[in-house]
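In C-alpha cells, one chain follows: the form predicted alone.
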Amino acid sequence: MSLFNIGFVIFPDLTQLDFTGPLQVLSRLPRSATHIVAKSAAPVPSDCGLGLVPTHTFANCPHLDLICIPGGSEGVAGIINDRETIEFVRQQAGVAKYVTSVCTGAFVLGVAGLLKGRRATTHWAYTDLLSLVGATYEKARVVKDGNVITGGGVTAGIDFGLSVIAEIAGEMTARRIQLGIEYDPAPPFDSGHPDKAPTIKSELLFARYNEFRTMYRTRIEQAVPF
C-alpha cells in the first residue's frame, strides 16, 4: 500500500503554530509521509524567529494527497499574490484528495480559486474578507465543504488536525492521537474567542490587524484572478 502524502507549504513569516500544531497531529497518521514544501531549500523564518527547514521544494515535491497552507498575517500578505506559490498550490490541489488551510492560509487557497462557492473559516480578524475570494464564512473552528477543510486561527490548527485524522482514518485513531499528545486544553482565561472578549477584540483590530486587513484587500485585488 502506498503512503498517504501530506504536504505543508511554508513561507517567510508564517505563524509557527499554524504549521507545527497540525504538523504534530497529522504526522501521526498511520501509513503516511509528511513533506514540508517551500520555494527553495533554504531555511524559512517564522514570525517568532524559529527557522523551519523544508524537505522539498516546489520543483521536486511529489503529488500530495493532502495539501495544507498555514497562515500568518504578515506571511500570507507576502505571498498572497506570488504567482509561483499560487500556481503550485493550484496544481497540487488539482490532484489532492484533501485541500486544506489553517488561519489566514485560507486566502492562499482563495486566490488560487479553491474556495469559490465554498463554506470556509479563518482567523476571526479576517472572516469578513473571505467573500473577496468567493467563499462564505461559517462560524466554526473547523469547516468541511467537500474535500476542502479550513481551520480557524492558530491553535484551531490542532482541532483541525484531529478532525482531518478522523475524516481519513476514523474517530478512534484521532482519539488515540489526541491522548498521545495530551491535548486537553484548560486555558487560564476565558478570552480565546472574540464573542467572549469583545473589548479586547476591538483593541486588537485597531492595534494589530487593521493594517494587514487593508493589505489583504489590496493584494487580493492584485492577485491571480480566481
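The first residue of the sequence shown is number 1, and the count goes up from there. If you're wondering where the values come from, they're calculated on a predicted model, not measured in any experiment.
What comes next is about the form predicted together with another copy of the chain, which does not appear here.
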Margin query: Even though the partner isn't displayed, in the predicted bound form is W124 close enough to another copy of the chain, meaning a heavy atom within 4.5 Å?
Written below: yes
Check: Contact between R217 and another copy of the chain in the predicted bound form at 4.5 Å, heavy atoms?
Finding: no
Note to self: Please determine whether K97 contacts another copy of the chain in the predicted bound form, using a 4.5 Å cut-off between heavy atoms.
What the structure shows: no
Check: Taking heavy atoms only, is P185 within 4.5 angstroms of another copy of the chain in the predicted bound form?
Finding: yes
Notebook entry, point to check: What residues of 42-75, in sequence order, lie within 4.5 Å of another copy of the chain in the predicted bound form by heavy atom?
Noted result: P43, D47, C48, G49, L50, G51, L52, V53, T55
